[in-house]
Each structure stands twice: as C-alpha cells, then as structure tokens.
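There is one chain below, alone, in structure tokens, taken in the form predicted on its own.
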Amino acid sequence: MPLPAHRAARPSALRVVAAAAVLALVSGCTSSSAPERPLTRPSAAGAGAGAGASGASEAAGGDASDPLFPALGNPGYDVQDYTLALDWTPQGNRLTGTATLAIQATAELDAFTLDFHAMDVQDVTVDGAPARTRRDDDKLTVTPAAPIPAGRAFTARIAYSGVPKTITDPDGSHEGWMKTDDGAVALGEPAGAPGWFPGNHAPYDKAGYDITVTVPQGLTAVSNGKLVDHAVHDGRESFHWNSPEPMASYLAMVAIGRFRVSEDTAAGVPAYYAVDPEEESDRTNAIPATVDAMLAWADRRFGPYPFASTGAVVGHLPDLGYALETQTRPFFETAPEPDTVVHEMSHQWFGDSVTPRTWNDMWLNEGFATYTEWLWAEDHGGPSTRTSFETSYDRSGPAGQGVWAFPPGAPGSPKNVSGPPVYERGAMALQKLREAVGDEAFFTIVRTWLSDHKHGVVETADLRALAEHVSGKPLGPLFDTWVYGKAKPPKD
C-alpha cells in the first residue's frame, strides 16, 4: 500500500456496507448453538503451522486472534491451497463461485469457521460428504459428518453465489469487490477478502492459490501468479491463474476489464501488465522499465525476487485513493508515479514474502516499503536516507499528532492500521537501526530477515532478535523508543 495520504477516507456515497457488517469483521461473533469444543483451539503445532519455513512465530497453544481484527481467522486449521472457480456477469454484478480448500487440521475439529461476507452458500462438502452450515454475521460455521482429528488433511468445498459487496474499513477506505466502469476489481487489505471468497482470512495462514475467472467475451480477468490457460467458449472467456508460493489472503486479487495487456520480462522474471485504456500515459508506459530496474536493484540490496512472476495492473478507480501490493502483480488505482511503483514492488519482499503474523505489526510492511523509497532515492542521485529521515522528522507535528499519534508497533485500533506512524515513523525506526548498527550489519540484517523468513510470518520481536544477534548490541531501548514509544523522541 502506498503512502498514508493515499489511504484517506472516501466519500460516504461509496460506503455500501452497513456498520454492523464492518463491526462483525473487527469484533468477535458468538452463538448460543456453538459446538461444545472450541472452534479455535490451536494444537501443539501452532496457529501458523505449514505457512512456511518461518511459521514458528505462533506460540503453541497460544491465543492466535488478531489484536486489531479479532474476528478474522481460525487457528484450529491451516489452509494449504485455495482453488477458486469464479464466474462473473456484469448485469446485476452477479458472482458464482466454488472454493475448494485443501486444509490441515491443527486441532481436533467438531466444526470449523470460515470468514465469508454476505453471499449465499448453496452447498458445502468436507471430503466429498455433505456438511451442515450456519451463518453468524461474517462467520460460516461448517460441521462435517464426523469430527476431524488433529493433524489430518481434508478438503472443504463451498459453492456460493450472489452479489459480492464492497467493504468499508474502519478508516473509511474501501475494498472487497468493487464495480468499475467496464468490469470489477477485488482487493483484500486488510479485511476485504471475505467479500468474494470464503477462507481463513488471517495474515498468518498463507496458502497457494489457483484462480480461474470466467467473464463475458471481450473482457480480461487478471489475478496473481502466472496465466496458465486462457479459453474462449460460448461467448465467454476463462482466465486460469496459478500462484504456488504461499500467499496471505489479503494479497489475493482479481481485476476484470478491457485492459491493454503486454507481456515481457523484468530482471529475468516473466512479467504481465494490464492497463485500463483510460489510464494509458507516459506514466503507465514507464512501468515495465521501472519494475525491471527496481527488481534488479532490489536483488542486489535485498536478495533475489521471491516469486516466479511479476507485473502490474493499472485500473481506473480515481476515487479509491490507494494502490495495493497484491502478490506478484500490484494493483494501481490510476497511473502511478515511479516512487509508488517502487513502494509497491518493495512489498513483494516486505509484506508479501515476509508477512506479519497479525495486523499489529503492519509497520514491518509499510515501514520497510517507505524506507525502500528512501534507499532507492539515495542510490539514484536523490537525498540520502538520513536526509529523508530529517525531512520527515522536521515536517512532522508535535507528540500525539500525525506521525506521532501512536506507536507504529502498537496501532491500538483497526482504524490506525494504515496510519502515518506505520509508514513514516516505521521508516524512521529503520534509519535509527541502521545508524545504531552500521551499514554492514544493517544490510546483513535485512538480507537475513528476507532469506530466513522467506514465505513465512513474523513479528517485531523476530526483527529485534535478529538485529541483536547480527550486531551483538542490545537494541531494546531503540525499539522501545522508535517502535513502541508514545512520545516524540529527540532526533539524535
């Protein structure tokens, strides 16, 4: 996601979801008919088992609920793969879908919950056998024919249809399924993915994705990963996308429209670009070159690009107000500036490959992405990162306002998840870390962070532990001041 100014509240006319639906996403749901055994009891494997080599951040048996979005997710199981078959009709904005989830139980499950908003469920099976369901706001409870033992792999298939909804976040921005002039776009950060497919929509549960979208002939449907098949039949076109690397559900994306498509390579990686004709300009023409240069530069600074494909989608949603780092193929609401492209591409390392376990640590995404902009400028004839730090510090307001309104490592409220401290103060914290440990240790920390936790989930404590190990220095005071401190600290 780009700088916080792009995440401002949108006009109220776009707020198409009732407040009760939003509250259901940020507070727990209860039901008197819930199963006797807890649905979210984690096993000894931990809530994020199987999410990647670095999935050990989840404490065995601990509370895996998200501090900012506690209703999202279920630590009793781990989704290994999603197979989504979507069929969309512009008239009436109708979506028909089948979601097939390959799941590993991490606890014994009499029943399990999926996060799913608004759409109608026609049929649910578990390992091919019919399962009972119940809806409680945005929780779909699935009760299989027999309890599922801890450790067992199983498959859940959910057939659904209806009119997918746009979701209004606590900060007033919009996501979920959104109609455009000539199609639609589905975005998920932080809580929009339940608006278009059922799943375990907590950031710690990463999975592979296989997404097929069928649309009227003449439209193009773009998603994550590689396009593995494109078929035309009976006046409709199907686009089959595969993204095998683990992905948090908030990074899944579908964009439908009359795009101008080009295919190329960027730093040797297959690249697919889709641009809305209304946004074609010198800016959009420059995107492939910027992506190519950025990936080559980041390979030297951070390590190899972590995915098998790349690219970008430029839509025409000027009222959306933000771009998004959707995995392998960032989405831009309008033709972006080059620094926005750099920001979103940096997220492929920081946030997409290495993902925060909970939304409380969003600064690990946005602080690093903002700092990458500073690094890019430093390496391309612009100001040094120290100068960018001083500029950000000097223009910021007093303690308790703007960048200093809350600590980046403790947002305290879902409305703050994309607030200015998460970006700018997060980047400031990284500059202070660099100054504390020196350049050699700092870039060793960054490269080790990305290699050791590739395709995994992390939290701030992991970064501090690594930084202390590499540098040999106690860094608690630095993290307490710049990541968790409420006061505006001295510049030096």
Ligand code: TRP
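So that there is no doubt, residue numbering starts at 1 and follows the sequence shown. These numbers were taken from a predicted model, which means no experiment stands behind them.
Not on display, but discussed next: the form predicted in complex with tryptophan (TRP).
- With respect to tryptophan (TRP) in the model of the complex, the three residues 325, 417 and 423 uniformly fall within 4.5 angstroms at the level of their nearest heavy atom.
- Using a 4.5 angstroms limit between non-hydrogen atoms, residue 189 touches tryptophan (TRP) in the model of the complex.
- Using a 4.5 Å cutoff between non-hydrogen atoms, residue 347 counts as a contact of tryptophan (TRP) in the model of the complex.
- The closest non-hydrogen atom of residue 343 lies within 4.5 Å of tryptophan (TRP) in the model of the complex.
- Although the partner is absent here, residue 202 is not a contact residue: none of its heavy atoms lies within 4.5 angstroms of tryptophan (TRP) in the model of the complex.
- The stretch from 109 to 117, 189 to 197, 269 to 277, 300 to 308 that comes within 4.5 Å of tryptophan (TRP) in the model of the complex, counting heavy atoms only, is 189 to 197.
- Of the listed positions (103, 287, 362, 403), a single one reaches within 4.5 angstroms of tryptophan (TRP) by any non-hydrogen atom in the model of the complex, namely 362.
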